[in-house]
Ligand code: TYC
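Just one chain follows, in the form predicted on its own, and it is written as structure tokens.
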């Protein structure tokens, strides 16, 4: 007994499952920019408080920013990076420092 070709095609389509196309969300680098006015100890405090760095690591990053003009504080999801940038910039302004924090896709 022959099967109707259209019926056979429908049976095949019903059993085929699409594989989910999962993709990791992009990550973003949070970056500090050097300026000539923000005290080094303030930058270390920011790195410790907002990025959970040890005193030694925060000092290394601060010196990198100081000597090279820019430094990465961490890599995060977009929402976390945006929040950290906003918090650091708001905190710096509240304490009357021009320290700038920004982000870019990693």
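Positions refer to the first chain, counted from 1. Being a predicted model, the structure only gives us computed values, none of them experimental.
The same protein has a further form, the form predicted in complex with this ligand, not shown here; the description that follows concerns it.
Looking at the partner-bound form in the predicted complex, is residue 33 within 4.5 Å of this ligand by any heavy atom?
Yes, residue 33 is a contact residue.
Would residue 40 sit within 4.5 Å of this ligand in the predicted complex, counting heavy atoms only?
Taking the distances in the predicted complex, the answer for residue 40 is yes, it comes within 4.5 Å of this ligand.
Going by a heavy atom distance of 4.5 Å, is residue 29 a contact of this ligand in the predicted complex?
Answer no; every heavy atom of residue 29 is more than 4.5 Å from this ligand in the predicted complex.
Does residue 57 reach this ligand in the predicted complex, with heavy atoms at most 4.5 Å apart?
Taking the distances in the predicted complex, the answer for residue 57 is no, it never comes within 4.5 Å of this ligand.
Flag this candidate site as yes only if 45, 48 and 88 all have a heavy atom within 4.5 Å of this ligand in the predicted complex; otherwise mark no.
Not a single residue of the candidate spot has a heavy atom within 4.5 Å of this ligand in the predicted complex.
What residues, if any, in 82-106 have a non-hydrogen atom within 4.5 angstroms of this ligand in the predicted complex?
The stretch 82-106, when checked against this ligand in the predicted complex, contributes only 99 at the 4.5 Å heavy-atom cut-off.
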